[in-house]
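Two forms of the same protein chain are encoded below as structure tokens; each is given separately, as structure 1 and structure 2.
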Structure 1
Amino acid sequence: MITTLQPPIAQPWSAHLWQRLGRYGALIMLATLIVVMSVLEPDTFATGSNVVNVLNQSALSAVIAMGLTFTLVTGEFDLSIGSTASLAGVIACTLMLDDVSIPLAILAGVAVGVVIGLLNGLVVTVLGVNALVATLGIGTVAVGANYAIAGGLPVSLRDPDAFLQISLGRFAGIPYPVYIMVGLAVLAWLLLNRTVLGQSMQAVGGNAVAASLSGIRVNRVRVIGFVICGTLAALTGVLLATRTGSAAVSAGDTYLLAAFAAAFFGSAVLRDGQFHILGTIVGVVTVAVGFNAIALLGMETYWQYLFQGVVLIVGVGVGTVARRRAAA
């Protein structure tokens, strides 16, 4: 019938421009940042080794932020990722001190994440506690468990070399963590965009009532989201331990806000406020490049913060403003 989707008359050229800018705003900013830096610091920033270095720095944040993306996609929140990461690292290291083999220790660490994710999910769905309170609570409990195990003292391995290889080792000149990041990103993307589960997650996040009425088991989907998030958080914690060969009670704390920043920044990449894996990765990389730039330029501490804050806002702002102009 006569609902013609394309607006009857052709759009002005400018509108097209705005649309592009709205879609690629965040990416354009990242690009600009890179170009400027390459000009300012040709022989330190724009070097292959530094690129690898930045990617390597992004790896861990990327893994945990991707996990968070899953909970955000299902319309939930997870404030426990930081504590989960810390706990996983501490458990893995403690086990290795008790001469448990590395693979087993890692497995145990990750298992912790599964358990915490499950707890989060059940408290949210079965007890019906708001996700923020629930995950904050479970997170606090996790910290408690952490103290019960390590008594708050950093756990450092006696001879960490084999363990350290996991993050120091390289293949074709690129450190393993980068491969891990990329591999997980591909998997996560496929899961979200090419499977029924992924679509269900997005549906639940988009409109839980509609999802449930169309036969999706909303609660189950939510729990799965939390479990994936917890698992990746734990994995991050373990990987973090492979960097220093030791684990500390609060090692993972910094990842909390960083992951949220990346995920929300990413929700403005290419899409309009939807969380998606690619966006999250871009968010993480942007932050990493920003930090790298700061360090290379040797900015004053206060510049560092101003810079990071502005990058966040501009990166998202450009897109949204442009989109609005395009609509107008």
Structure 2
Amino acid sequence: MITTLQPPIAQPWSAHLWQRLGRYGALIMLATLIVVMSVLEPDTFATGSNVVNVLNQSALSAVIAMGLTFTLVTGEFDLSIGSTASLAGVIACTLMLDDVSIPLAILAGVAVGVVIGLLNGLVVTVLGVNALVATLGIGTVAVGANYAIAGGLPVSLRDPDAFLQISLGRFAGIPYPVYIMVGLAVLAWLLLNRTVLGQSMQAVGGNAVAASLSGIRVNRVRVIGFVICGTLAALTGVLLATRTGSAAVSAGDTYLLAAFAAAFFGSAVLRDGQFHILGTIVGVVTVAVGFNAIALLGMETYWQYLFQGVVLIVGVGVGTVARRRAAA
């Protein structure tokens, strides 16, 4: 009996269109925002100094969001990043008030993030506590420690000039935080895409059972993801303190939503709902461009929160709808 192979059924043009929208919808949104603002405010928005300003404003959000991305890639969440950032800044400034050198104070602040990340990872993997509950609980403990150290008051340096130069200093006209953001982005991308650890993280996030059967130590990988997240959250808190020469017990709280919005928005960039470093950077820049546009147009501050929420919903929603339509 002779059987004939049927040629594959070609996808309709609408399916291809929805697939493209799912992959590039977030980028189209960013490009549209840039074009519209360039037309509305050509003398202020479409300038080199404003581009540098947007990148500088993106730097801290990008650092903490990249750390969160590692946790999300492994299939977990971390709600303690805002509290970790606040605590790291307070500890660094408190130590400098006690005449500890700036490098050692910064290292101590970042070390706090390592410890918190390790605790998060161990509570989730060893005790089996849900990541949302575990990180919320440990984040609350961090808030308590923060108030115990600072008494709820801002910790201000007596002579902050050298500390402020970390954020206010420039090289070739570009602020140092932009270089920090770019350098960390390159390292994070290489770690996640060009190392065995990064491939293991993606495997664990994709299918933990299959990853375990293939020999990957799932719990260890998840703990490392939490440690990276806590470390970058703490670094964000220290860098935030370098912008004002002081640290507050709630300084990092606003970065929690910003990091999640950027990471989830970025999951709709170029990939089908997968968290990745490049997408996270695009998400951070999109939010920063929107905030910059709102400021240049003279709109009220509450529009920033509205925009951030819309970015999260639209960025993720368009990708989800596009994938469903393409499959249908």
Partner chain sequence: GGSPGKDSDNGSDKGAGKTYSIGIVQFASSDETSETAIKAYVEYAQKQGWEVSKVDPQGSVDKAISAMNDYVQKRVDAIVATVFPSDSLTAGVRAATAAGIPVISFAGGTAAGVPINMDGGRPNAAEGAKLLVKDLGSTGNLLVLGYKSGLPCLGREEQLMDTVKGTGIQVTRNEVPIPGQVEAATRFTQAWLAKHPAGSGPLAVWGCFDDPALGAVSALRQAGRDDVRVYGINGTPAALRAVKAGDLRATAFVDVAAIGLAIAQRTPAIIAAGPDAKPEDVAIPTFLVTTENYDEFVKKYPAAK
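The term rigid core refers to the maximal set of C-alpha atoms that superpose within 1.5 Å between the two forms. Being a predicted model, the structure only gives us computed values, none of them experimental. For residue numbers, the reference is structure 1: its sequence is counted from 1.
Peer 1: Which depiction, structure 1 or structure 2, is to be taken as the form predicted in complex with its partner chain?
Peer 2: Of the two, structure 1 is the form predicted in complex with its partner chain.
Peer 1: Determine, after fitting the two forms on their core, whether E300 shows a C-alpha shift of 2 Å or more between structure 1 and structure 2.
Peer 2: Shift at E300: 2 Å or more after core fit.
Peer 1: Please state the CA displacement of G309 between structure 1 and structure 2 in angstrom, with both forms fitted on the core.
Peer 2: Superposing on the rigid core gives a C-alpha shift of 3.7 Å for G309.
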